[in-house]
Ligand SMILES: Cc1cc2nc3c(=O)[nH]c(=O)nc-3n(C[C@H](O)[C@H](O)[C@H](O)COP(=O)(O)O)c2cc1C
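Before any questions on binding or motion, here is one chain by itself as structure tokens, the form predicted alone.
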């Protein structure tokens, strides 16, 4: 698979088969991702990959926090806050497409909340990764985190695996810090659920599309 094919095939998958990925394959993918570039080769990322009982215990803890009404405590500002203009329009269109594919109406508050809660259940994926960087770092270092995440997602795609990047997994981070080895001076920026896609699941059938190139890129010269 070439890079352009991997970019085209990758999508955010929200339903997975109950099939674990071989540990050797997971390790190989993260080893290859180490070649990702970063500013001054700082490599600011720290990743905790969870499977099995650890993954399940983290899910239970996060869902317990949510069900108890505990407010989210993200360290970094969530990416869906304070959006305006076309960015807000795209955000709304994405949500409409998702809820529409699932047959959930605008006023179906309970079903919308249940669908949202699937974020903290890793959408049923058998594996998840939590990405953190030092609290002292800035937006520039966050660029490196995004580059690294993209490398991992494309490598997963190349190996027949699916994934979903999730800012939501940084919202209830206390449980992750308690149950996984997050460095004391780090904060979780986002998470990634991954595994084998359930291609028959309705939730994986919707497509939000992309804007035409002229709205994002200008060429001069």
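Residue numbers count along the first chain shown, from 1. Note that the coordinates shown come from a computational prediction; the quantities given were computed from them, not determined experimentally.
Although it is not shown, the form predicted in complex with this ligand is what the next lines describe.
Stretch-level contact check against this ligand in the predicted complex with heavy atoms at 4.5 Å: of 23-31, 158-166, 46-54, 60-68, the positive one is 158-166. With a 4.5 Å cutoff on heavy atoms, residue 123 counts as touching this ligand in the predicted complex. Among heavy atoms of residue 94, some come within 4.5 Å of this ligand in the predicted complex. Contact between residue 208 and this ligand in the predicted complex is found at the 4.5 Å heavy atom cutoff. At least one heavy atom of residue 11 is located within 4.5 Å of this ligand in the predicted complex.
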